[in-house]
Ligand code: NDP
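We begin with a single chain expressed as structure tokens, specifically the form predicted alone.
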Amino acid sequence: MSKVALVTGGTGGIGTAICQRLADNGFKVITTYFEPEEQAKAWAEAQNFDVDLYPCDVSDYESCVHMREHILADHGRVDVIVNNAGITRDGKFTRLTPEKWKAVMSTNLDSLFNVCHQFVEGMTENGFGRIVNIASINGQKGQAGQTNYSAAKAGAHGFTMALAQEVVRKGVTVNTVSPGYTGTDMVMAIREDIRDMIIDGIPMKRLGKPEEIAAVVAFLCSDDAAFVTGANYAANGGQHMH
């Protein structure tokens, strides 16, 4: 029987690549969506792999409870969680509103609790689990205009290290992947001259590919990564070395 992998926010650029790679590796892939249902279904139909969709607001605990009920009714268990869903609400700190702060913290950090809380006990009972939290280079080095995002993504790895220690003897690993600037729609929407400046600051002189991030995630979800837990894998072309 295939292991079941839940990827939150799987319809985005990096999320799609992660779903594809896990499907290629033999996982039964399921993903959450927050956009309109028609849009999510159109995304699923455009893929060349099988994926099940579940509506969920990962920033809302009760929404995650409902998601768990539907997933367990359909699939019986979840073996892998990739917490990939995330948003940005950038702004200079003095102009950042409480709403923008809360939106980013709840979607990018509270969501880790909301989603993992649904499935971790089942993983420990089954004696197997893989949790991968997608953070960011800016959670490692900070970024002007992103106090909310940088704080949430730094918090993601703190969550990783603490949870990893709680479940380590139950066959469950918890790790973080911190991508640098990657060629997704969000990054490609940045004004070209600013994007060129970003690329100039990357020692490899190029953006990452979503498939390259997905490859790191896939390794951490595999049996080969059984001895890796509490780690933060940077994939940023050498832009920040820690």
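All values derive from a computational prediction rather than experimental measurement. Numbers follow the displayed sequence, beginning with 1.
The next section is about a form of this same protein that is not shown, the form predicted together with this ligand.
*Asks:* Is every one of 35, 136 and 186 within 4.5 Å of this ligand in the model of the complex, counting heavy atoms?
*Replies:* Result yes, every residue of the spot touches this ligand.
*Asks:* Closest heavy atom of residue 86 to this ligand in the model of the complex, within 4.5 Å or not?
*Replies:* Yes, residue 86 sits close enough to this ligand in the model of the complex that at least one of its heavy atoms falls within 4.5 Å.
*Asks:* Using a 4.5 Å heavy atom cut-off, state whether residue 13 contacts this ligand in the model of the complex.
*Replies:* Because a heavy atom of residue 13 falls inside 4.5 Å of this ligand in the model of the complex, the answer is yes.
*Asks:* Can residue 114 be called a contact residue for this ligand in the model of the complex at 4.5 Å between heavy atoms?
*Replies:* No, no contact at 4.5 Å.
*Asks:* Would residue 57 sit within 4.5 Å of this ligand in the model of the complex, counting heavy atoms only?
*Replies:* Yes, contact at 4.5 Å.
*Asks:* Mind telling me which stretch in 122-130, 163-171, 77-85, 92-100 gets its heavy atoms within 4.5 Å of this ligand in the model of the complex?
*Replies:* Result for this chain: 77-85.
*Asks:* Looking at this ligand in the model of the complex, which residues in 210-242 have at least one heavy atom within 4.5 Å of it?
*Replies:* Residues within 4.5 Å: none.
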